[in-house]
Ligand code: DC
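Given as structure tokens, the chain that follows is alone and in the form predicted on its own.
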């Protein structure tokens, strides 16, 4: 999951940028400015001065405002009617600036905005998103431009919509709103301390979008620890493949981008090293928490983004983290068997339902992997094959409503594909279990 905050003055192009980013990343776009505009419109329609704090506060309980999303597009219903572009006039803009400075209005909308950010990957634009609404957002950008550039854009936008105004009037209102928004005591429009400043006065929308997507990619890469991972991968992978005499098969089946779940059979601790040395992309392995407590190694595991899981019960936190990592476009690896089974026919071992649960919750496809050795045991100077199978579509896993039975059935289907890569087949179904499946 990722939360992106775009703040800045009016006319900088925050809304159009946020919509474009949301479309590129497939996440929810929440136009917070439209919420304030809707309240400003409501006050104007009710004959209330938007600057009258007492009157505005008294009117809020009567406000019937609903927020809906259709195909990722936001719709605001005021008294059951979609406000559409009626909130985009200069008069409503000034009213929005006035009501947004009133504490009761901000409190009215605060929980709505935070709840959406708490449950979804989201991008919000406004004037205090990174400082007040979601101060823990992973990406914070303060988008600005000169008053002249912003006034030209807003004038062109209004003219295109048939609104009668002049550039001079738009410029004056822009300067006045900038002053009001940046100097008000409550949630002023100022950059968060950790925000990235981006002046797009001379940038096209396309170039602004490219810059922002580049910023987001860098933040995601840093967050995922992939930089550290790939450093060690480049340094060690060739040596490890030589040392363990690894033959890699089917590496072309690994998608070059996007998140997915990787599932493998489990023979020994070195399985993690073998798979990591053969996969060209960073992998987050689900590992038992005990490994995360080993001095020195624990720091390395954390740097590489390993996910510690409590095998003694349902570790909801680890499951959620795994799902977030996948939805952020990364790879999570899990051993469905849950334990190491050397010298044993893998098709006869039990599996746990963690793989099915993560696949269901993330909606991800699955890559089966089989580590093939002589007698299912590592032998000195004997070649090891790491075989990557074709992706298993999430649709193929037969999910309907979720639940332990569906998770187990999906995991059995996945593990069936895993052992098929090694020339085995599952003889029968296994009993459900709920402690995930971790090294």
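None of these values were measured; they are calculated from a predicted model. Residue numbers count along the first chain shown, from 1.
There is another form of the same protein, the form predicted together with this ligand; it is not shown, and what comes next is about it.
- Per-stretch contact check against this ligand in the predicted bound form, the hit in 365 to 373, 95 to 103, 78 to 86, 192 to 200 (non-hydrogen atom, 4.5 angstroms): Partner-contacting stretch among the options: 95 to 103.
- Query: Out of 247, 172, 184, 270, which one falls within 4.5 Å of this ligand in the predicted bound form, going by heavy atoms?
  - Reply: Contact check passes for 184.
- With this ligand left out of view, which of 281, 220, 177, 361 would have a heavy atom within 4.5 Å of it in the predicted bound form? Filtering the options by heavy-atom distance leaves 177.
- Message: So in the predicted bound form, is this ligand close enough to residue 411 to count as touching (4.5 Å, heavy atoms)?
- Response: Flag for residue 411 set to no.
- Task: Tell me, yes or no, whether residue 352 is in contact with this ligand in the predicted bound form, where a contact means a heavy atom of each within 4.5 Å.
- Result: Heavy-atom contact with this ligand at 4.5 Å: absent for residue 352.
- in the predicted bound form, residue 36 touching this ligand (heavy atom, 4.5 Å): Judged by the heavy-atom cut-off of 4.5 Å, residue 36 is in contact with this ligand in the predicted bound form.
- Decide whether residue 129 counts as a contact residue for this ligand in the predicted bound form under a heavy atom distance cut-off of 4.5 Å. Yes, contact at 4.5 Å.
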